Each structure stands twice: as C-alpha cells, then as structure tokens.
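Listed next as structure tokens is one chain, alone, in the form predicted on its own.
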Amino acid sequence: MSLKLERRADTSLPAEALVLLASILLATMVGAVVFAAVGAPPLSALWVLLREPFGSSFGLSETILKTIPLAFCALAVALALKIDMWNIGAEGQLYMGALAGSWLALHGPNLPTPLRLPAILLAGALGGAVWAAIPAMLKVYGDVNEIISTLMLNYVAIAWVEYFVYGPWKGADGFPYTATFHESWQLPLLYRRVHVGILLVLALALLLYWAERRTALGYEVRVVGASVRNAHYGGIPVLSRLLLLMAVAGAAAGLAGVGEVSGVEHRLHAGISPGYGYTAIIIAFLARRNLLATVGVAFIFAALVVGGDGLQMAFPQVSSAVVQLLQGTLLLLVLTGGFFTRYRLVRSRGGR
C-alpha cells in the first residue's frame, strides 16, 4: 500500500477562504513566536503591526500610498503568469518607467501644461513596456529563459538610473538625485500623500480583468496560458500574444515607476524602489493570478510594510527582516494550503 496525490474533482470557494484564513492565523502565530524570540512582547508587537497601518489617518494614507506601486507591479507579474511566463523583472521595469518619466519632465520637449501629466504617464508606460519586451523577444526568438533574462535586466535598469543620478542628471547641490520636477509634472494629490495613481491602478485592474473575460484577445490569452499546443492548433498567433502581454505587463510596472517619481518623490534618485517588484511576485501568487485580487493583496502587504516600520520604532530590536519573514511564511502557508485544496492524498494498493 502506498500514498499518491489525486486531483480533486472541484474546489469550493468556502474551502479556499478557510485555507486563507487558517494561513493568516498560522502566520500570525509564527510572528508571535519570532517577536518573543527577539525580545519583543508578542501581543504588543502584533497590536503595533495592526495599529500602525489602520489606527490613524496618516497610517492609512501611507498604506494606500504603498499599495499603488505594489499593485502595479503585481499586475505586471500576474499578467505574465496568464501566459505561463515568469516576469521576475517588474523591479527593472519600474526603474525604466521612472527613468523615462524623469527624462520627459526634466529634459524632454516643452509640452503644453494640459498634456504634461498624460505624457509623463505614457512615457513611463513605454519605458516599462520596452524593457519587458526585450526578454519577451529573447524568449520567442532565442528560447532564452525569461526568469534569467528578466532578473538580470533588473540590475541593468538600476545601473542606468544610478549612472544618470550620479552623473549627468545630478542636482545642483551635488547629491545623487535630480532636480525637483515642476508642479505641472507632478501627479495631483487626493488625500495627504496619496496621489491619483490609486485611481489609475484600480482602473487598470478593472480594465484588464474585463478584457480577459469579455474580449477575443482575452480569450486567446487564456487559451495560450492553458495550452500552447492547443492555441497553435486553433490558429492563435502565440508569439505575438506573448510579446503583447509582456509589453502590457511592463507598461503596468513602468506606471509604478512614474507614480514614485511624479507622485511621491517629485525627482529621480537611486533606490527609488525598496523592492516593490520583488514583493509583487509574492502578491501575484497569493492572488492566484487574479487581476482584481492583486490590488487587495497588495493593500495587505502595504499594511505589513507600514506596520513593520512602526514595529522598528516601537521595538528597536525588531529588524525589517522579521516582516519579510512574515511575508514569506504567509506565502508558504497559502501555497501549501492551496495545493491541498486542489489535491488530496489517497491510499493505493499494488496493482491498482
């Protein structure tokens, strides 16, 4: 007698919700143990982790602000997963979007004021799209593994930004950041530091979700993601769909970069992202590639980041690595639970 995995006939929504709730509770318990291990009162630390992002208008606004780049980048990762491609390069696409938008605001043509905000958003989207199209073309025409190419291009994009902010675009005061953007190039604020990017990312998620389910192109993408062989048999131009979706994914990450330089910092500097593109990989997996769910999961992770900052101020012995540990634990538990909602262990006898 032996054990084997058998796929369940169907998975119920209540079961998946129960798995998610159990995963959050278990991750919380792990966090309590870790807090105790580093010398922080577990209950007090957990309360700070919850209070900081939601207990004040400032904390809530900062949570929403960090949701914007996380959600844009998570959309970039989730879109690529729709066609079974691994976009590990959202970080680099964010940087290239920020670089393209900064060039337009500081050194581009003198556009009329009403056109400046649409232009800087378009520039950032194009910067990210071009950067994502490079590994897509390498994959399509050279069979280069997209995991390696997208990851390596992250470092190239970061190096380009560092070259400009330490070199020709360095501000007049000599520090490694550019001059401040003119007000006409800055995204309008909605609430405290929250800019219109939150409306843009919500609109983009809704648009992509609708396009996936209601358009012919969305149907073709679903077929390609399910089976490339069947897509070829059905006459779907697989290669062009791969290139197109990767470009759209890069554009989403590029918009994250524009939001940071035009809506938050109002200038370009090294380290414009603390790793939003990498955290987005976890978010896309937890959202199960659902384009709408990515925004909600991004909000949860943004709350973890804000709560983690509050933890470090309240308990200096708690490092930022603790929050990263909680994120990784949550991902592991959700993926493990999700696996067992789709499969089950059954006993099999010899010869059967």
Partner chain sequence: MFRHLFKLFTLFSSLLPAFMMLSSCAGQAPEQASPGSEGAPTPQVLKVAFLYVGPVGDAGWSWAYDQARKDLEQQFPWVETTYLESVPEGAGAERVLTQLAEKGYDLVFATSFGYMDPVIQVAERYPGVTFMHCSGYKRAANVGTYFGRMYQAKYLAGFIAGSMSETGKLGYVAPHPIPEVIRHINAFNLGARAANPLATVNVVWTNSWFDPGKEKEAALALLDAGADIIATGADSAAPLQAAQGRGALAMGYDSDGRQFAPQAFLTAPVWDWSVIYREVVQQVRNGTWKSSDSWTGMESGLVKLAPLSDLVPPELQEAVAQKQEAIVSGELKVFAGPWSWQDGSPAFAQGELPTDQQLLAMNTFAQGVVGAVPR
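Residue numbers count along the first chain shown, from 1. Because the structure is a prediction, the values reported are computed rather than measured.
Unshown form predicted together with its partner chain; subsequent notes refer to it.
This chain lacks the partner; the member of His269, Lys82, Arg241, Arg116 within 4.5 angstroms of its partner chain in the predicted bound form by a non-hydrogen atom is His269. With the partner omitted from this view, the residue of Gly235, Pro109, Gly167, Pro112 that lies near its partner chain in the predicted bound form is Gly167 [heavy atom within 4.5 Å]. Its partner chain is not shown here, but in the predicted bound form it comes within 4.5 Å of a heavy atom of Tyr177. When its partner chain is considered in the predicted bound form, Asp173 lines it closely, a heavy atom lying within 4.5 Å.
None of the heavy atoms of Arg288 is located within 4.5 Å of its partner chain in the predicted bound form. At the 4.5 Å threshold, heavy atoms of Gly55 stay clear of its partner chain in the predicted bound form, well away from it. At a distance of at most 4.5 angstroms from its partner chain in the predicted bound form, all three residues Glu62, Asp309 and Ser319 contribute at least one non-hydrogen atom. Along 237-267, a non-hydrogen atom within 4.5 Å of its partner chain in the predicted bound form is carried by Val264, Glu265, Arg267, in order along the sequence.
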